[in-house]
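Take a look at this single chain, the form predicted alone, given in structure tokens.
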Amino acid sequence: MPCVHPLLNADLHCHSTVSDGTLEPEALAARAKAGGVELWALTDHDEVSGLQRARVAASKLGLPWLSGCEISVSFAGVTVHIVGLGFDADDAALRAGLARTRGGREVRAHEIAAGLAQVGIHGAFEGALPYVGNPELISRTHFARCLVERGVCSDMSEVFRRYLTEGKPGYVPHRWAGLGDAVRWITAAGGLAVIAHPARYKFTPTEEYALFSEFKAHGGRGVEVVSGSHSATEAVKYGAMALEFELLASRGSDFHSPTESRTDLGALPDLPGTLTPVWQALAERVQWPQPWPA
């Protein structure tokens, strides 16, 4: 097995058309390889159906690869994302849990459309569908792309700010999986659970401490320290929290689209050197190209 260097250019968080990204799994693999990524994981929302395509594409490119998924959970009234890495994608309990998590998205999407119609934006559900690669995973992102295309807003950020966040006409909360459920599905399938982009949740210090404490108690083992959603200051903060809670450090761009994402595949800064990277605990689960380049 190859040596897994702590400063590996790993990108362990991105999305394809299987959830809310704009590139097919094969195109993402090629973009990761071209961007200098040395270890890659596709982590579509609540879905693993793109992983076989990602694995085959990565293998053809000589790109080391891990299975991945980003699971939506509800915690303290907020949607939190837990990334699973290195699991058995055929695990029956994991697949059943993901199917239950996906189940309420279409109902929620119709409710979003109804809210938008009340403020004069009609046909939003039908308008969002052409942007949806997987109908089970229709999300706010697909509505946002529709509203930008129609000229209702100038960009995705404006759509969310005006229509799709809490208190706005198109905001509809959804009851996702429980934190413990998601962590158990991942770990029982042989994988490792990671808190995704923690700075995005805007928790109070007490709520954030509770999230990390409960996550660790359920068997969670990692946190995204370097993320496309994090500033340098936030990376330092969550690096310190990784040390405090004895969690492994992960790294992922959260790439969705060449025109929408803040950070491209392969363009993240290194993890702080004091941390233990998550990939060191997952080396046996990595699909390494054969033969491994010298």
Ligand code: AMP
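In case it trips you up, residue 1 is the first one in the sequence shown, and so on. Since the structure is predicted, the reported quantities are computational estimates derived from the model, not experimental observations.
Heads up, the form predicted in complex with adenosine monophosphate (AMP) isn't pictured, but that's what we're talking about next.
Exactly one of the stretches 187-195, 82-90, 155-163, 207-215 approaches adenosine monophosphate (AMP) in the predicted bound form with heavy atoms within 4.5 Å, and it is 155-163.
At a distance threshold of 4.5 angstroms between non-hydrogen atoms, residue 175 is out of contact with adenosine monophosphate (AMP) in the predicted bound form.
Contact check for residue 105: a non-hydrogen atom falls within 4.5 Å of adenosine monophosphate (AMP) in the predicted bound form. Residue contact check for residue 101: none of its heavy atoms lie within 4.5 Å of adenosine monophosphate (AMP) in the predicted bound form.
The shortest heavy atom separation between residue 140 and adenosine monophosphate (AMP) in the predicted bound form is within 4.5 Å. Screening 256, 230, 53, 31 for any heavy atom within 4.5 Å of adenosine monophosphate (AMP) in the predicted bound form leaves a single hit, 256. Scanning 25-48 for heavy atoms within 4.5 Å of adenosine monophosphate (AMP) in the predicted bound form gives just one residue, 45.
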